[in-house]
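Take a look at this one chain, the form predicted alone, written out in structure tokens.
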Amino acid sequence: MQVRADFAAAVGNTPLIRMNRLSEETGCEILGKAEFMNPGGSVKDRAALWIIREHEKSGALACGGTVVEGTAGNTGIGLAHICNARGYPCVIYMPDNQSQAKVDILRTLGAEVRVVPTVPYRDEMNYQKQAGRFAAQLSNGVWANQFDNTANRLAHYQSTGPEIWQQTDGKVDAFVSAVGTGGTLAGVSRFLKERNANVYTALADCMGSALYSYVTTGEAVMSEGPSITEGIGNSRVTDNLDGAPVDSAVQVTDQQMVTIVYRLLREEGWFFGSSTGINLHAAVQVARELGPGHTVVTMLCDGGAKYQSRLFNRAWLAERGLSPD
């Protein structure tokens, strides 16, 4: 019998799925890592598990300890699931520009959610900094610190990267990923380039972020924004992203993201979120740059259900000058 023992054991080993229309149009194999099939519903389950596990290994997180995090949603959801499975209370700080669906899911999972005003990272009232200060006050608690805790990229170096290599029989030519914390791109890129230095790696960036500029010019300068995407883009280079072997960057507008998400919903039945839309548009661009015959892998970060009130609300999109058509 092939039985996974518990929630943690169900994280990872997600399949690669061929994006048929995009592959046919580019002449490349465009493959998506189906992270929406993780038990918590997103790629962030991996980071959440590794972060908690590393805190347990170090002794910083003991029985009954509290896990605190500042998150736009999916990492918090992963943490809440794993905290339930391991018996830890969970406190989540979230900026008020995120979808209500994520807040509702976190509260359903039993996390204490503290929604705070959205302010830049440099502000001391930034949601991440508030989470760090609160955790420091606890006698038995840890700050997950997904942005600068390198257990995040370790998760992808030890799991996602090896899975992609094995699933493609080592025949992967390029890897493309959007960046919030930087853990996915950094961990996977390091693993793949250790196996084959010629694997091409690209950062997919939304508008209103400084990471496209960082990769292409060496300076982290914010692009025009904001973007309607959630959980990706950054104004700074995190410890997880720092030093990652990245060859190029692709900048994707909100309209380009909306177009590809709706197109795949209509043409192939895929119900994806905005981060996945950024990834897929960038993967198509990389495939066209490389030319036919290459294999390009990207991340299908999560499903679209959490974005029903925004990305899949035509009136909301129209107010922002965006159209599914």
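What you see is a predicted model, and the numbers here were worked out from it, not measured in a lab. All residue numbers are counted from 1 along the displayed sequence.
The discussion below concerns the form predicted together with a small molecule, not included here.
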Within 4.5 Å of the small molecule in the predicted bound form by heavy atoms, the stretch out of 84-92, 125-133, 228-236, 164-172 is 228-236
Close approach of residue 181 to the small molecule in the predicted bound form, 4.5 Å, heavy atom: yes
Is there a heavy atom of residue 301 lying 4.5 Å or less from a heavy atom of the small molecule in the predicted bound form? yes
Contact label in the predicted bound form: residue 74 to the small molecule, heavy atom within 4.5 Å: yes
